[in-house]
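Here you get one chain, nothing else, as structure tokens; it is the form predicted on its own.
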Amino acid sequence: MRRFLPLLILLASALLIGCFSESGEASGDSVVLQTRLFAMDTVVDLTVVAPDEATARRAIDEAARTIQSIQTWGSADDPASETARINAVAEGYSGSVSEDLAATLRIALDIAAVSNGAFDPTIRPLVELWNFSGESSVVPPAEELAELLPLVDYRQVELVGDKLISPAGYRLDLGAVAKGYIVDQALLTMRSNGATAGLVSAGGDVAGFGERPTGGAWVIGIQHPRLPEQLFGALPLNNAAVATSGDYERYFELDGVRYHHLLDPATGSPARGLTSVTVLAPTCAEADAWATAVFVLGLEAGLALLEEQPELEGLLLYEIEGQLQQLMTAGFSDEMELIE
């Protein structure tokens, strides 16, 4: 059976801890507006706090337009997008790319290098082979995986300024960083249009700035990876971002084995060892990509890599004999409140 479960962090796709005004209502000296849309193959919730209704409306409308713009450049699944058009060039691509795609790819390539390829933006051939977004639930033959592995290597892709050079056969999939990037851009749009605080939730990616209407930091709930209606913990966001990668997001089960969409670029198969990884970072793009990298690396190597990055904190969940276990960095432990 195939299941698609988003992380619970805000409203239906997530859970906000604490209270705020309903759309269009005033909270003290501020107006709070919310809107919801569908983009990047997930539900996106936006909350804006502003000094008056006109400012709040402008900020949230412009942020929504920013979110929707990803369809024009970042989605490898949309044949009309810039990424898909680059991937479709059979002889390889050499040419300029948009500012957004270049910025996203630069983040992806940097994290790929630091993680030694645990995160790899050229993983698209494997993503297409597994087809977790399709209807069939089939494990690809080993020989087909072996044929594609040579086409997954971030070191073969070069980005200089806005010029991309990608050899024949290589295809990009920026899904594990573009969603976080566009969340960051939506927050910047809110700020530039006069919002005093804001929060954006896109599936398992959340970022915010300022204080919630009732005062204090925005607080998000981390979904329990095996009990989808429950939260594992609550985490304050002090002008920061968080992203979670888990084996419960897109997967199917066959003969008692769970096959999920978090693929190991080295093997072509789903990474094993962890149940979910939550990363707290300065930007959502970084949190998004690092959560994937750490999940692929596994418990010990993933935690060690997190601890080497001074701006990152993280939570790693795994199972032993059906019992959920946890490891986290010191900074994450200081911030998170466990929910029994």
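For every residue, the number given is its place in the sequence shown, counted from 1. Here the structure is a predicted model, which is why all the values come from computation and not from measurement.
The discussion below concerns the form predicted in complex with a small molecule, not included here.
> Just give me the single entry in His261, Arg212, Arg171, His224 that has a non-hydrogen atom within 4.5 angstroms of the small molecule in the model of the complex.
Of the candidates His261, Arg212, Arg171, His224, His261 is the one lying within 4.5 Å of the small molecule in the model of the complex.
> Heavy atom within 4.5 Å of the small molecule in the model of the complex: which of Val44, Ala63, Val296, Ile70?
Here the answer is residue option Val296.
> Do Pro265 and the small molecule come within 4.5 Å of each other in the model of the complex, heavy atoms counted?
Looking in the model of the complex, residue contacts with the small molecule include Pro265, since a heavy atom lies within 4.5 Å.
> Report whether the minimum heavy atom distance between Ala176 and the small molecule in the model of the complex is within 4.5 Å.
Yes.
> So in the model of the complex, is the small molecule close enough to Ile123 to count as touching (4.5 Å, heavy atoms)?
Yes.
> Should Glu249 be counted as a contact of the small molecule in the model of the complex, where contact means heavy atoms within 4.5 Å?
Result yes; Glu249 sits at the interface with the small molecule in the model of the complex.
> Looking at 113-121, 159-167, 140-148, 188-196, which lies within 4.5 angstroms of the small molecule in the model of the complex, counting heavy atoms?
Comparing against the small molecule in the model of the complex, the contact stretch is 113-121.
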